[in-house]
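What follows is one chain in structure tokens, specifically the form predicted alone.
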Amino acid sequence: MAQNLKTKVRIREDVKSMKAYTPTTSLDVFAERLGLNVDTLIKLDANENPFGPSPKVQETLANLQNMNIYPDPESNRLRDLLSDYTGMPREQILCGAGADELIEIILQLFIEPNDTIVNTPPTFAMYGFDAPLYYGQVIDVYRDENFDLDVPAIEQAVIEHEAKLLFLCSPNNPSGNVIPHETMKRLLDLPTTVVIDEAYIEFAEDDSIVSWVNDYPNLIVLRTMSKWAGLAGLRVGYGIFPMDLMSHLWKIKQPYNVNLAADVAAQASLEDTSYLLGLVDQMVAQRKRMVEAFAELPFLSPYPSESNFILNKVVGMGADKLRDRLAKEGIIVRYYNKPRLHDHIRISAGTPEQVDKLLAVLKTLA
């Protein structure tokens, strides 16, 4: 009987063979692993806002009402505030549980079995991770040694594979560089839908291209409240979509995907943008400080960045060894060891005090 029941449990064969995504974890878990007090840790591995959210968020959550009632399934007031913030009509805005959920919704909308997406690694891992879950084939077109796009190769891949989607991140994660607007316009001429992930755009000198959505019917722009607004733990993202797609998106979106706490926290943030953008300026200042300091160290070779983090090539020692030595001092950074990122670490911009400690520890290793 047990054997017979076992044969009825048949999960997908491709899921059986796929590799699991390895995310960063919480401060509590890191503290337990390292045998350190959580209050002593400096977490610079996930591009989070080290200053935290607006004080208005704390106040709003402390007085949260109606937790026994489902939230607004359309996030109407949040979309009104996002419309004011982005300058785009609320009717073209869809909110999600982080931009990660919106990536999944886009794949659900476009991808049928064996359809293709074009991905440009090294970049945000979820594009390539999610596509196979929705039966999409991933064509990787690797960036060059400076992490710039190989535009001719992208064009060839889109045409050859009749790709339905092209995912791009600008500023790119983990390299921090932006895609020039001229390049974006060239790629938008391709016969595919281009998804531009602007998770870090608040930290860049280049302007957002959300206003282009009305000029290009094949452009989708994703944004998030995780980074600049300090809401990574609550998961709030949003997308700006061509109007023709919106009715179809509403069909497939989970009705209560943005929980009540996340919804009101995002609203409170958007009512305090001056404060939060002031923190963005501080993070940019610390990023610039870190780039200069890293360049003076013999074992770090930093790449230019327009985000709230810096990617570094580690020279003369293993990047894993550097990660471990920093971890012993309670400083957590992101380590990479995969194609185009062998012996690389990414370090997020911290508070001035956190950066002080980071640089002090790094100097002892020189």
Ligand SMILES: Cc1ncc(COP(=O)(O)O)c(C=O)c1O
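This structure is a prediction, so every number in the text was calculated from the model and none was measured. So that there is no doubt, residue numbering starts at 1 and follows the sequence shown.
One more form of this protein, predicted in complex with the named molecule, exists but is not displayed; see below.
Looking at R79, you'd find every heavy atom of it more than 4.5 angstroms from the named molecule in the model of the complex. Although the partner is absent here, I209 is not a contact residue: none of its heavy atoms lies within 4.5 angstroms of the named molecule in the model of the complex. In the model of the complex, the named molecule sits beyond 4.5 Å of every heavy atom of E155. V236 belongs to the set of residues with a heavy atom inside 4.5 Å of the named molecule in the model of the complex.
A heavy atom within 4.5 Å of the named molecule in the model of the complex is found for one listed residue only; from M283, C169, A163, V264, this is C169.
Checked against the named molecule in the model of the complex, the residues M290, V178, I93, A199 give one hit for a heavy atom within 4.5 Å, which is A199. The three residues F294, N312 and L358 each lack any heavy atom within 4.5 Å of the named molecule in the model of the complex. Heavy atoms within 4.5 Å of the named molecule in the model of the complex belong, among the stretches 128-136, 271-279, 85-93, 219-227, to residues of 219-227.
Residues are counted as partner-facing when one of their heavy atoms sits within 4.5 Å of the named molecule in the model of the complex; in 84-99 these are G98, A99, in sequence order.
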